[in-house]
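As a starting point, one isolated chain is supplied in structure tokens, in the form predicted on its own.
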Amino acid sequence: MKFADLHLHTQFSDGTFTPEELVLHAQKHGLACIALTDHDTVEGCARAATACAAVKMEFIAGSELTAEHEDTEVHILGYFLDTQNPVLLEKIARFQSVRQNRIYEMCAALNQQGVPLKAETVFALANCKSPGRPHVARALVKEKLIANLDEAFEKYLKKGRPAWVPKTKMSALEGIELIHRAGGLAVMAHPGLNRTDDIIPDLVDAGLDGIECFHTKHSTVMSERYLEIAEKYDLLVTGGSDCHGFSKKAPLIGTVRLPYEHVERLYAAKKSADAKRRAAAAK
């Protein structure tokens, strides 16, 4: 049997692997197909695609967009994205700017708590356009201002803690439309983690294509529940480890192995969507 991991991160967002290192780990675990889904960026996709081609592994260009619907945070995975689509790149650039401003706000809040962390230190460590809380946590540890990553989140960075700053998010409906405009398929990420069950019908009405049923933090019971929801709404099924490299102790790649039949259904759905777009454009 062949397997895939369709939820992976690199140094282009908050992972620790380069795209090439990620592909080597995927090869080690015998994966036939991977998708790169860095947060609010597609920068690493070209390098990951080249690395995959070198080892004859299938690659799907993607991204994970942070969105919200009715005050509920929801993450939307985009698959088969045209990484040169100008509308996608413009929107992503805007949200990268939001992410960067949030780093300044978190560091200012830390400074008010007597923690002398500079935003420039975080940016230097992150070395990417989509920095986030994990980079702040790593910078705190590197500068010996906190003992470890868990303490950084527990003391300062979790929701309700002194340096937590809310994200400015796009609407989930906007996220789905953006993914479709970039030629992609829109999939709800880890619904069990974000507790987004109640909004699934609304997103289906807005064109949601699939749901991530298999995830590192989904129990067997959760996965079975989302498989039932996927069948009820005729949604595609995806799954992935949500690997961030060594940022969460041991790398998670290889812990979720999506049967390849689901990848084949994604390809078929992409082909069908492309055909419909061409037909609509010809009218």
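This one's a predicted model, so the numbers in the text were calculated from it and none came from an experiment. Each residue number is its position in the shown sequence, starting from 1.
Not on display, but discussed next: the form predicted in complex with adenosine monophosphate.
Practice item. Quick one: find which of 208 to 216, 149 to 157, 174 to 182, 115 to 123 has residues within 4.5 Å of adenosine monophosphate in the predicted complex by heavy atom distance. Key: Selected stretch: 149 to 157.
Check your understanding: Among the candidate residues 29, 47, 244, 257, which is the single one with a non-hydrogen atom no more than 4.5 Å from adenosine monophosphate in the predicted complex?
Key -> Result of the distance check: 244.
Review point. Hey, in the predicted complex, does residue 192 get a heavy atom within 4.5 angstroms of adenosine monophosphate?
Key: Answer no; every heavy atom of residue 192 is more than 4.5 Å from adenosine monophosphate in the predicted complex.
**Study point:** Partner proximity in the predicted complex: residue 102 to adenosine monophosphate, non-hydrogen atom cutoff 4.5 Å
**Key:** Yes, residue 102 lies within 4.5 Å of adenosine monophosphate in the predicted complex.
Review point. At the 4.5 Å heavy atom threshold, is residue 94 in contact with adenosine monophosphate in the predicted complex?
Key: Residue-level check for residue 94: no, no contact with adenosine monophosphate.
**Study point:** Proximity of residue 78 to adenosine monophosphate in the predicted complex, heavy atoms at 4.5 Å
**Key:** Looking in the predicted complex, residue contacts with adenosine monophosphate do not include residue 78, since no heavy atom lies within 4.5 Å.
Check your understanding: For 107 to 134: residues with a non-hydrogen atom within 4.5 angstroms of adenosine monophosphate in the predicted complex?
Key -> Stretch hits, in order: 132, 133, 134.
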